[in-house]
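Okay, so here's just one chain, in structure tokens, the form predicted on its own.
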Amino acid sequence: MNKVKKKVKVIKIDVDKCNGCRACEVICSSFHATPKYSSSNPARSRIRLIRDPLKDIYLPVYAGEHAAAECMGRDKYVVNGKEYDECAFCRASCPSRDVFKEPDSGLPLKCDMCEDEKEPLCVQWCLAEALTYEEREEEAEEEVQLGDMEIGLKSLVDKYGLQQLVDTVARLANKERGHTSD
């Protein structure tokens, strides 16, 4: 494989500064509403807060890559004497949980770093400065990845089956051409 320069965008999280205000969740869900800023539904947010109320600890976690299958390990983590399972910190949308899935369709959500913004809005709106944005170039192996559309289609095939997806696309294509058969 070839080595290529790759721009890496990262949201760094300082758990000690997070106060649990959830401004990051609100602005993220508003930005990704259709149309933009028309509603706020935290279930559509690409960032979520994990909370330990007894220790008053908050941990923001933002959505990563889609995982087609459940992971094999179920490790436990101990943070300040409290035990957490691996899923609590996981950034993936996967079959075993509803976190980071579009509530209406079940399609996986992934942080897109707020597309055309200079930096993600969750970082801009974090008054406690628990979230910071970092952009750097790294040399990496060139890899072929599924795009958002392929991941979405795979998720729909997994949920409804290939034939139902094909039939639905054909029906929608006919409607677009003005040939309604319903």
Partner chain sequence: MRYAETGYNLEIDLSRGNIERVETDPGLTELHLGGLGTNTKILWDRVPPETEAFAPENLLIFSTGILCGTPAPGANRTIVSTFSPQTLLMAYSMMGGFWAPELKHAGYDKVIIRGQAPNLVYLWINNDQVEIRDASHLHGKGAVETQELIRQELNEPNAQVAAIGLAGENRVYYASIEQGRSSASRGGIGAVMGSKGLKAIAVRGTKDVNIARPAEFMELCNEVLKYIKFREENPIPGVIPILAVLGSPQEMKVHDEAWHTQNFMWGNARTRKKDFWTEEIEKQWTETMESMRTRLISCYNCPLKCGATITVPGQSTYMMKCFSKLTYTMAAMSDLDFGLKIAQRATEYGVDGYSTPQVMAFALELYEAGILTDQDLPGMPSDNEGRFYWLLDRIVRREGIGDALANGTYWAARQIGKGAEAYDHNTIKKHEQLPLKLSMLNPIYFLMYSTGEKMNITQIEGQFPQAPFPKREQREEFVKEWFQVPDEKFKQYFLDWEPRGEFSNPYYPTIEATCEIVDWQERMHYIDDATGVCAGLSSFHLKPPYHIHNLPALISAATGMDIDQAGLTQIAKRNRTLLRAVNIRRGLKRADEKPPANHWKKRFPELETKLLDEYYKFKGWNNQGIPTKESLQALEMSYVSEDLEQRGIIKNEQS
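Residue numbers count along the first chain shown, from 1. Source: prediction; values computed, not measured.
From this point on, the text means the form predicted in complex with the partner chain, which you will not see here.
A.B. asks: Verify the flagged residues G20, I27 and A43 against the partner chain in the model of the complex: is each one within 4.5 Å by a non-hydrogen atom?
C.D. replies: Looking in the model of the complex, the three residues G20, I27 and A43 all sit within 4.5 Å of the partner chain (heavy atoms).
A.B. asks: Since exactly one of A69, L127, M149, A140 fits, which has a heavy atom within 4.5 Å of the partner chain in the model of the complex?
C.D. replies: Selected option: L127.
A.B. asks: Does D16 reach the partner chain in the model of the complex if we count a contact as any heavy atom within 4.5 Å?
C.D. replies: Although the partner chain is absent here, D16 would touch it in the model of the complex, with heavy atoms inside 4.5 Å.
A.B. asks: Can any non-hydrogen atom of D56 be found within 4.5 angstroms of the partner chain in the model of the complex?
C.D. replies: Contact with the partner chain, yes.
A.B. asks: Within 4.5 Å, heavy atoms only: does R136 come near the partner chain in the model of the complex?
C.D. replies: Close contact is absent here: in the model of the complex, R136 is far from the partner chain, nothing within 4.5 Å, heavy atoms only.
A.B. asks: May I ask you to check whether P95 falls inside a 4.5 Å heavy atom distance of the partner chain in the model of the complex?
C.D. replies: No, P95 stays farther than 4.5 Å from the partner chain in the model of the complex.
A.B. asks: Are there residues in 95-122 with a heavy atom within 4.5 Å of the partner chain in the model of the complex, and which are they, in order?
C.D. replies: If the 4.5 Å heavy-atom criterion is applied to the partner chain in the model of the complex, 95-122 yields only P103.
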